[in-house]
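Quick heads-up: it's one chain on its own, the form predicted alone, in structure tokens.
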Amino acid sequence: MCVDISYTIMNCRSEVLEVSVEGRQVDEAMLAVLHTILLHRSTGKFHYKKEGTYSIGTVGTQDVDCDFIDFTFVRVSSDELDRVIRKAVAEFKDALGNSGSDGMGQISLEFYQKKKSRWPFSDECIPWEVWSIKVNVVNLANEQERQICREKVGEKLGEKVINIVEVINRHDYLPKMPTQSEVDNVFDTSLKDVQPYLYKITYQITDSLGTSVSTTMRRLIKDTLAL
């Protein structure tokens, strides 16, 4: 357990993405974005030979074809990690469906590192990167609109993935590689086949995200129908 002190951290990198999707596309769109980020924020397992000397295992990848979006994303080949992400996304989708707030919400992926505190105080959780995905669920009138939305959301997700990779490839702050005794302060070592940076996923449901994204999606569908 650690105390979140994000409000005191000035150099925490923050990125905001916005997507507009049909209800049945929420799961796949969120999985595509979150898995893309975690693919670039995970390493193979560390194998220590002695303090200060270690090797890093390989990270497998696999393609995932979406059922309701014309899109294929790449994720870390870890069933354990996939289950954790899917559980968080399912909870977010259920909350969206039960909110009565016109299907608007935000899911966030926060990376942090721990700073040990002396007993009896809890460790501090210091965030260094936060990705927030604002989601708006649109209601479509017929199958023709759904097919257009399927294609347009796929195109938009492709743009988001490129944006994510560009941001991650910047030479910005990353926690320094830890010694064996400190590895749990930087990485999640609980998984047997991959080692992501420490992270947490949270969400909120709100009716104050604005309608710009959904308006853009509806305009794209209307323009396509007019062709």
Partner chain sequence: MDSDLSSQDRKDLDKFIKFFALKAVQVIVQARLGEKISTCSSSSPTGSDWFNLAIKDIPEVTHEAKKALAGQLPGIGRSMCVEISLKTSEGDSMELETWCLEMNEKCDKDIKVSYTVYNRLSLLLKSLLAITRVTPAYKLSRKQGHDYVILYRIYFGDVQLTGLGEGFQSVRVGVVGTPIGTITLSCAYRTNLALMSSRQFERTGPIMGIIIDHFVERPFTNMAHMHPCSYRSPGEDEGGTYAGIEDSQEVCTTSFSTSPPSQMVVPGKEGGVPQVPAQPNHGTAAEHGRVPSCPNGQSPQPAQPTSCSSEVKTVFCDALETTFTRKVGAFVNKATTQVTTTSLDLPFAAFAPRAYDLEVNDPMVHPPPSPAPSSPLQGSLHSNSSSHSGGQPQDDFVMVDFKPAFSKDDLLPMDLGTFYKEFQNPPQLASLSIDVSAQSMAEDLDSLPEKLAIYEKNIDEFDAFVDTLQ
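Residue numbers count along the first chain shown, from 1. Please read these numbers as outputs of a predicted model, since none were measured by experiment.
A second form of this protein, the form predicted together with the partner chain, is not displayed here; the remarks below concern that form.
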| query | in the predicted bound form, does residue 74 have a heavy atom within 4.5 Å of the partner chain? | reply | yes
| field | Interface membership of residue 58, the partner chain in the predicted bound form, 4.5 Å heavy atom rule | value | yes
| said: At 4.5 Å between heavy atoms, is residue 39 in contact with the partner chain in the predicted bound form? | reply: yes
| message | in the predicted bound form, does residue 185 come within 4.5 Å of the partner chain, counting heavy atoms only? | response | no
| field | Contacts with the partner chain in the predicted bound form - residues in 181 to 195 whose heavy atoms fall within 4.5 Å | value | 192, 193, 194
